[in-house]
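Only one chain comes next, encoded as structure tokens, the form predicted on its own.
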Amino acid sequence: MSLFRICRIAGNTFLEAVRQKFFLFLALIALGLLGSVLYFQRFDFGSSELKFIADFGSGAIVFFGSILSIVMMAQLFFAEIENRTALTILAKPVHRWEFLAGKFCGVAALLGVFILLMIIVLGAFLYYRESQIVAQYAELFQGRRIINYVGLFVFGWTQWLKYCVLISLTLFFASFSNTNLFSVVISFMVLIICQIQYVAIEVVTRMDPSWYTWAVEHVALIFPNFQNYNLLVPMVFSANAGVPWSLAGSVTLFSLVYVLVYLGLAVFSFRRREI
């Protein structure tokens, strides 16, 4: 069955990715950097201490997660092409879309493990420091918590969704690219566009309506707006208000649409590629 074949390919991709020294190297650096947050907090100037720790940890997740998503997807895809193992797999009763879906699921699982590990470590640091602050200022807080730890894991879920979009985007470029380097470079360029496109949209919306503003607004839809995933404050610092589940649901739907579109384009492109 298709699901069985996709799971087999995804499992092999995940195991191959875990064995990569690049993944272990980045994971150790990310955890080490996150572990040093209690030391670096002394260099913070004026902002809330817990907010600084959360920003520092989410920054590490965003930075290293972006690198892992692009590099690992491109590297694992082209490893199959260059080693001719893709030809062996596709010679069996495996469709090309199943091959791509398996590669996508394997790398997505890898990023899921990475983000889960980072969120657990970040949550442990936040809980440790928050407990100290609440105990120190017991009269002020009256036993109430500041951090929403359920929201912290929901925030991790939204970041994983963002990287699923980035993985599918990289897979699309790799489906027609001839080199690993080209896929990585173009994916990072698009990542930058996705991060800053909201600036161009804000500028265009202030202009008088014209064909130019209409074109920019519709062309921008090609690239997902990654500013939609900046949900640290509403998710994590909402202990009293609860988790904004409607916001998490809209981000999930937003991500699902782009993942399906990019995977569909990747399948369409890969079907016409000679291996």
Partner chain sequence: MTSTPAIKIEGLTKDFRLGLRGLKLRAVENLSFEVKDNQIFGLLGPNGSGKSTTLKVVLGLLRATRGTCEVYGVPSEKVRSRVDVGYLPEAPYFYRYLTGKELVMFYAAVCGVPKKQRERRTQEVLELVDMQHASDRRVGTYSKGMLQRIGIAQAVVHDPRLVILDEPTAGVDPIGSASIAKMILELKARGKTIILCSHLLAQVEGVCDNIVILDKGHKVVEGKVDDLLEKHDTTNISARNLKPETLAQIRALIASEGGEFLGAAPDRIALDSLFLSKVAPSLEDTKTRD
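Residue numbers count along the first chain shown, from 1. None of these values were measured; they are calculated from a predicted model.
Note that the form predicted together with its partner chain isn't included here; everything after this is about it.
With its partner chain omitted here, the record of contacts in the model of the complex names 95 to 103 of 156 to 164, 95 to 103, 191 to 199, 177 to 185, defined by a heavy atom within 4.5 Å. Remark: L15 counts among the residues lining its partner chain in the model of the complex, judged by a heavy atom distance of 4.5 Å or less. Contact annotation for I9: at least one heavy atom lies within 4.5 Å of its partner chain in the model of the complex.
In the model of the complex, its partner chain sits within 4.5 Å of a heavy atom belonging to T88.
Proximity of N83 to its partner chain in the model of the complex: non-hydrogen atoms within 4.5 Å are present.
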